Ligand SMILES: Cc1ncc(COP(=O)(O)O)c(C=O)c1O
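Below, in structure tokens: the form predicted alone, a single chain.
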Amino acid sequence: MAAGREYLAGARTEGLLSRVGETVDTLPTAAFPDKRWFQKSYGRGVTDRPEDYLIGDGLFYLTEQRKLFLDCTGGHYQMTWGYEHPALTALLLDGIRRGVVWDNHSNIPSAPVKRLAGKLVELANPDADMGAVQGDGERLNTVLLGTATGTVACAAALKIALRVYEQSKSEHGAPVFVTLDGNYHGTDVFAQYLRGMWDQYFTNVESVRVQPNDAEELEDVFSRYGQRVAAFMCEPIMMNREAIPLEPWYLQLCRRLTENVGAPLIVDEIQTGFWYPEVLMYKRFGIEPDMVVLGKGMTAGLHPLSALLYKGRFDCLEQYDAISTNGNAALAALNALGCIELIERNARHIDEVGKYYYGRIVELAEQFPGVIAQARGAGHMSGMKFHRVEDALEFHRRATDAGLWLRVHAYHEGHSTCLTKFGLPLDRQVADFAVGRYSALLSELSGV
């Protein structure tokens, strides 16, 4: 690890790009643990030299077998600023030196946690008088930071919706939760029910899934269920469904329909939050949701910490109704503040490079129409929808062989999309390199 760190830190970007996909044989070899104790779905028993992670720096990492990769997915979509960002590392070390603890009892939140809550409210209410915001139940002015993972934060939002329905609309019958088909709001059993699992165990609540960007279907569902709608929950970019982006007009329609029936609009920004210059992506759609779920990139991968930002009038849960042991983590909150500051400081660059990268993906779709059906996503979160699942799988295999770590969605019928979510240090040089590699692989696939 020490040798790998020295190699990555001492190399220039162009030098690393020239060796992506190669084995750095100047580094020492070592024996590493195998996966004999893992569950079957996670590679149990694999002992044949897996390319597991060793050390990373920026957008690059080395495997235990000394192969150099370009990480095109920001870790597991959570490494906002890549590996070992110098500013965040310095912030963390300084925070520890000054006495910021890693974690502490959630009943006695430390200064970074309280500052983070205030910062999230400021982001949702830019240029507003914070005194006026605090007393307005119709503003996003309340923050639950006691949740470690996005699953728990999503569950908190759903619990609030259930409690509000129970208090004000229960006479209309069983509550109905409307979500998008292919949604992913965590691994809580109720969240999984909302995407079609465990149906047989839920008898006093209904789940209705609609197709994204289908106005007619959405209006029909709200007309059919009316006051029984307990909430509409959605992601601005559906990373669990091949990076389908919601259109602004569609989210604006969602806002109008939920207001008409008195149901909260919940925007799940676990994937999109902290990956765009606005920090909160819903700002791009000209709406204000009732609840915003945040996670993943908020702490730049240091430690799981999620948040639920919501309007004051929805503050109806008791203290322990939605909480994680590691929520309100002080050091993670400090890192989140540093992550936000970096985004604000680099907002113009993030916007320009994100548009540039997505534009290059669109060009690829136009260049290889026989292989790629559509460019998907927005900015750093961009993907390629293939006509054939076999081509998507083969492209993914060849990309990882070539040292490009990206993801493929091919585990549901009809899914055939390769996904990327570059960390925010992405620049044009790296974007051009990645797209150049994509193009070469697509040429091989299409026989051009």
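On a predicted model such as this, the values are computed, not experimentally measured, just so you know. The first residue of the shown sequence is 1; numbering continues from there.
One more form of this protein, predicted together with the named molecule, exists but is not displayed; see below.
Comment: 269-277 is the region of 131-139, 213-221, 269-277, 97-105 lying near the named molecule in the predicted bound form, near meaning a non-hydrogen atom within 4.5 Å. Note on contacts: among 263, 154, 372, 336, the single residue with a heavy atom within 4.5 Å of the named molecule in the predicted bound form is 154. Shown without its partner, this chain lists 346, 89, 240, 192 as candidates; in the predicted bound form, only 240 has a non-hydrogen atom within 4.5 angstroms of the named molecule.
Remark: none of the three candidate residues (4, 57 and 85) comes within 4.5 Å of the named molecule in the predicted bound form, counting heavy atoms only.
Within 4.5 Å of any heavy atom of the named molecule in the predicted bound form lies no heavy atom of residue 290. The named molecule in the predicted bound form comes within 4.5 Å of no heavy atom belonging to residue 165. Although the partner is absent here, residue 71 sits far enough away that none of its heavy atoms falls within 4.5 Å of the named molecule in the predicted bound form. The named molecule is not drawn, but in the predicted bound form it has no heavy atom within 4.5 Å of residue 357. Counting a residue when any of its non-hydrogen atoms is within 4.5 Å of the named molecule in the predicted bound form, there are no hits in 96-123.
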